[in-house]
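A lone chain, given as structure tokens: the form predicted alone.
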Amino acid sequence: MEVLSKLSDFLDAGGDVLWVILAVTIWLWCLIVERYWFFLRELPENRSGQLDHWREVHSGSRWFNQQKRRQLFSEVECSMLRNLKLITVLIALLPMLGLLGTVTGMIQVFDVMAYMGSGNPRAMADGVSAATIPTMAGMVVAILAIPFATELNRRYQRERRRLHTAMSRAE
């Protein structure tokens, strides 16, 4: 309960933009976990199924074999690429959302200064918190997600080469 209370206080201090950053963060990590699940659990079955299908339909026509190989390779490649670009986009979006929080927080500070003057720092504290916390949160989440996105892209490239080699050997 205390953790939830502290999380709620943190989200309130960061302003409304911090809730958006939290939603994007949850979406981002769900996509990353889903991609790891795919590469570790689903891809080996998918790849072996396509290779078996490739061996079965292999005919004497060279043109037909090339087209069928391209089709099977593309189907596996499309399944490997799913959501990888979206993960990269969300990582790039998080610092921008943090900057949006900075701008809205600074607007709050200027509003307080306009009404109360600059002699009351306590009145400006909420705006300063709303200006700095979203920027920090967006950048921290983006920095933490970059190694996972990089590793997923490398895994995609490695699996793509492996599939290409396996299909070439099966000819």
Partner chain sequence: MKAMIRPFKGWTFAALAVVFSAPILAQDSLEALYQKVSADARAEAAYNSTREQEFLARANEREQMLEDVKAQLAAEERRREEMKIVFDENETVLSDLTEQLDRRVGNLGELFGVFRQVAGDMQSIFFDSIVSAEFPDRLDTIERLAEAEEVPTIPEMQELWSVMLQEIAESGNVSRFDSDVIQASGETYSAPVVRVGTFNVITGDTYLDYESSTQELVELPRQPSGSVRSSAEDLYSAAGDTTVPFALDPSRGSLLGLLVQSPSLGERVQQGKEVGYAIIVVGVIGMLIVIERLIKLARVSKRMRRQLKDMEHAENDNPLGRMMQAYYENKHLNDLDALSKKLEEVIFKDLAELRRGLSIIKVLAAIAPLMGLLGTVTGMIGTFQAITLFGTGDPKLMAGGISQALITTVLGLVVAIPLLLSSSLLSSRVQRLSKMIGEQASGMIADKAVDIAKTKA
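Note that the structure is predicted; figures quoted are calculated from it, not measured. Residue numbers count along the first chain shown, from 1.
Here the subject shifts to the form predicted in complex with the partner chain, a form of this protein not shown in this document.
Contact with the partner chain in the model of the complex holds for none of 36, 51 and 128, as no heavy atom of theirs lies within 4.5 Å. Under a 4.5 angstroms non-hydrogen atom cutoff, the partner chain in the model of the complex has residue 111 among its neighbouring residues. Interface residue remark: residue 80 is not counted as part of the site for the partner chain in the model of the complex, having no heavy atom within 4.5 Å. Though the partner is left out of this view, residue 106 does reach within 4.5 Å of the partner chain in the model of the complex, counting heavy atoms only. In the model of the complex, the partner chain lies farther than 4.5 Å from every heavy atom of residue 29.
Residues placing heavy atoms within 4.5 Å of the partner chain in the model of the complex fall in a single listed stretch, namely 63 to 71, out of 138 to 146, 120 to 128, 63 to 71, 41 to 49.
With contact defined as any non-hydrogen atom lying within 4.5 angstroms of the partner chain in the model of the complex, the contacting residues in 75 to 101 are 75, 77, 78, 81, 85, 86, 89, 90, 93, 96, 97, 99, 100, given in sequence order.
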